[in-house]
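So this one's two forms of a single chain, laid out as structure tokens and tagged structure 1 and structure 2.
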Structure 1
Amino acid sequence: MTAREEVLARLRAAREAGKPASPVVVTREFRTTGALAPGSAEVLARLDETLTDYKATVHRVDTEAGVADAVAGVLSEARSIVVPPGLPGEWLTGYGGEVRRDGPPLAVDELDAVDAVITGAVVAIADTGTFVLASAASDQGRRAITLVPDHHVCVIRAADVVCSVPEAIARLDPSSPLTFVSGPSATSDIELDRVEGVHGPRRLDVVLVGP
């Protein structure tokens, strides 16, 4: 037996010696649903409040037909944008600048040259002011396109808004990368001074579709 095998054998023996006689049952009593119904006017108002608290700018539209005008207004100064391959074309009908679809994938320097990115979201959490991007979703795309441009515009539908974190987790597919976004990118340096834009966009606009 080599020294490595001997060490591993001792570790396994110690692990087995400390094993409980019967399986440990962990009681999980946390809430699995939120106080507000998914997609309701109340949960959208709560999401609006928490997103704003995280320094995102929220634009409310009643129906998806209003998304194009909202996007055009938000991007009135953007000369070029990048979008995921499957982003709905109707959302871009009011925008007059250059639209670059990330298919085939753009290089990092190409992403750095555009002014903004538009995506959808797989789910949003009202209690925490968070939305989640799934890289496998065609209207959200790979993570790089939402990290490199300095301005992110996210369109969130009412049906995708839930109140609590457990409700959101239940909707997610963990087999592909997920990105949780709570406000524009921000962190603090060693003196606790706020620094923005280190890990992602400094500006975040959310177009919230629903009552």
Structure 2
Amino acid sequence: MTAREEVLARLRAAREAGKPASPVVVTREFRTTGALAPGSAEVLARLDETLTDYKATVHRVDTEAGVADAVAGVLSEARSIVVPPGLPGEWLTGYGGEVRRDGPPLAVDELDAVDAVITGAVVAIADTGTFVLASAASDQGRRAITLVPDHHVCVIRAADVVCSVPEAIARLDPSSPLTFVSGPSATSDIELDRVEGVHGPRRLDVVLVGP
């Protein structure tokens, strides 16, 4: 018997031996919609709060036209940045440093040498202060670019902000890599207190676009 056959045979035997008296009924009585409407001013305010609570710095702009100024502001000290191949050029018009597009892909050491990265996000969760990066989205790009640079600037549009985790999961396509980000890199390993700044980006700025 191969290991595969053996393990499966054991598990089948065990599954029968330990079978519950009555069939399992899966109960899903939890909420699948959040308390606040997606994209609403209320849900954005909540996201602002939860992001800030986990030490991201939030910059509010009313419309997409305001993004360039906000980006320029947070990157005033960054000499060079990396951006995913499809990042809207309009977001960068106020930035004066060197912009490196990740296409063709930069080497790890090149990523290590840039000061910051800017991306969009596919969805954000107000209840938890989370945004999700999808590798397949051209304004987010492969995972390494948001991991190696020490400063991440993420632009989140109101239309992509939901209230709850179930709403976000329903919008996501897991066939390409996803990264759920909630605040800058942190650890709770020393006396179970959260401290920011370990291996991922130590500085996280969010530009939140909307009402």
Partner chain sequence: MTTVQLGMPTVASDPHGHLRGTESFPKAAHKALADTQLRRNLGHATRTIRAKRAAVVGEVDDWEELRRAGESIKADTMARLPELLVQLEEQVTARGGHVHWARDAEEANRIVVDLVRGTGADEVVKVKSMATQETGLNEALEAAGVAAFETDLAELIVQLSHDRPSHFLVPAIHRNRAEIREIFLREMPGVDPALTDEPRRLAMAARAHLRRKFLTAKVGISGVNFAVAETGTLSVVESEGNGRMCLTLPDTLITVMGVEKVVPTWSDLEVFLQLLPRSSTGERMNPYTSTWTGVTPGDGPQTFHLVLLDNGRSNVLASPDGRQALHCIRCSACLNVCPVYERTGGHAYGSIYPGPIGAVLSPQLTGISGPDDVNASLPYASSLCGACFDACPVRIDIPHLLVQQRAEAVAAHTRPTAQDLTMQAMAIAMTTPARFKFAEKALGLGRVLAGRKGRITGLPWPMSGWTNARDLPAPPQETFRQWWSRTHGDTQRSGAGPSTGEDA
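The term rigid core refers to the most C-alpha atoms you can superpose between the two forms while keeping them within 1.5 Å. From a predicted model like this one, the values you see are computed outputs, not experimental measurements. Residues are numbered by position in structure 1's sequence, first residue being 1. Residues that one form lacks are left out of the comparison.
Handout entry: Structure number of the form predicted alone
Key = The form predicted alone is the one given as structure 1; the other form is structure 2.
Practice task
Having superposed the rigid core, state how many Å the Cα of residue 197 shifts between structure 1 and structure 2.
Solution key: C-alpha shift for residue 197: 3.5 Å.
Handout entry: Angstrom shift of the Cα atom of residue 8 between structure 1 and structure 2 (superposition on rigid core)
Key = Comparing between structure 1 and structure 2 after core fitting, residue 8 shifts 6.0 Å at its C-alpha.
Practice task
Send over the list of consecutive residue runs, 3+ long, where the C-alpha shift is 2 angstroms or more at every position between structure 1 and structure 2 on a core fit.
Solution key: 1-25, 188-199 are the stretches that shift between structure 1 and structure 2.
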